[in-house]
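The chain below stands alone and is given in structure tokens; this is the form predicted on its own.
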Amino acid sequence: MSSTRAWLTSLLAPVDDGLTRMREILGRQIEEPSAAVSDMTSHVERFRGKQLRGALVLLCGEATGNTTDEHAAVAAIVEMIHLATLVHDDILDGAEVRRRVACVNQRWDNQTAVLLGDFLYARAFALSTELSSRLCSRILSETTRRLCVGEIEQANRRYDFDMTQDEAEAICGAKTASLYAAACELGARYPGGNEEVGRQMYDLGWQLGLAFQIADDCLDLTGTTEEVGKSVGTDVEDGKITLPVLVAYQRASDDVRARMRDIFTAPDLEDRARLLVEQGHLGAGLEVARLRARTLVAQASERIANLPESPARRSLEGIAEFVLERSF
């Protein structure tokens, strides 16, 4: 185990029991008599990865003194929704590798992958209807709507170098930060607790999630498949203008801007992300994006500091640092 992965494992230690129960619930929920579906769900279980969103449900519950017997099920629902988004994102990105194994769309095909993502969403919301409170269903149905709107907006703004940083962050937030925010809010509020505490934890999750996505956008440009554990360079291949690219473009000369547009749009180019790094002068864009992520994490850390001292609070502090330092 790498030192970074070992670090994350230690950060999640205060909710080990809850994570074990979460994984057991998730495994039962995606069991299916169909041999074809079972083969696919066994495959996507290998995408399990960090499970940060589910862990945040549990950690925020512990840190705010709000843990219930149903928190593990809420965490499992959040993770099933996340799994569904991964399967669908890989189709949208044309990705080949996820968690160092073939993406569903590569091992099977796009049509089958769409249906598997839908299956996971269905199982998530079916479980949410069995809980004692409707709060989980209400929050996560709205969150899923925002996820979809974010992806649609991003698809609609391909090759759009004229968008503002606020517009880029709004897209980034909807498609990633919204699920982090929902996880933290549910941890602090479920089954119907203090709304003000829930709002504070929602904001914490939004800041962590947005920082996570910005860091991910930087890794997509500078990382390797071996380091990150998934396909990289897919944003450029798909025409997505992420924050580091947008800032670099805004600060570039007319000649560099023209080169950047050509790298995004010229037919039959190979390894567009590498060409962009080599010719697009992305240094300034990457620096600004990383500074923005650090600012968001600092804001999140201020919210964490307001929580009572506990192992869960210390873990949240460590996760905020992990979001910036991770390489996968």
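The structure presented is a predicted model; accordingly, all values stated were derived computationally and were not measured. Residue positions are given as counts along the sequence shown, with the first one as 1.
As for the form predicted together with farnesyl diphosphate (FPP), it is not shown, yet the points below apply to it.
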Partner-contacting position among L131, C148, A170, V256 - heavy atom within 4.5 Å of farnesyl diphosphate (FPP) in the predicted bound form: C148
L115: touches farnesyl diphosphate (FPP) in the predicted bound form, heavy atom cutoff 4.5 angstroms: no
Non-hydrogen atom contact A215 with farnesyl diphosphate (FPP) in the predicted bound form at 4.5 angstroms: no
Contact test in the predicted bound form: A84 vs farnesyl diphosphate (FPP), heavy atoms, 4.5 Å: yes
Close approach of L92 to farnesyl diphosphate (FPP) in the predicted bound form, 4.5 Å, heavy atom: yes
Option from 171-179, 105-113, 71-79, 191-199 whose residues, in the predicted bound form, bring a heavy atom within 4.5 Å of farnesyl diphosphate (FPP): 171-179
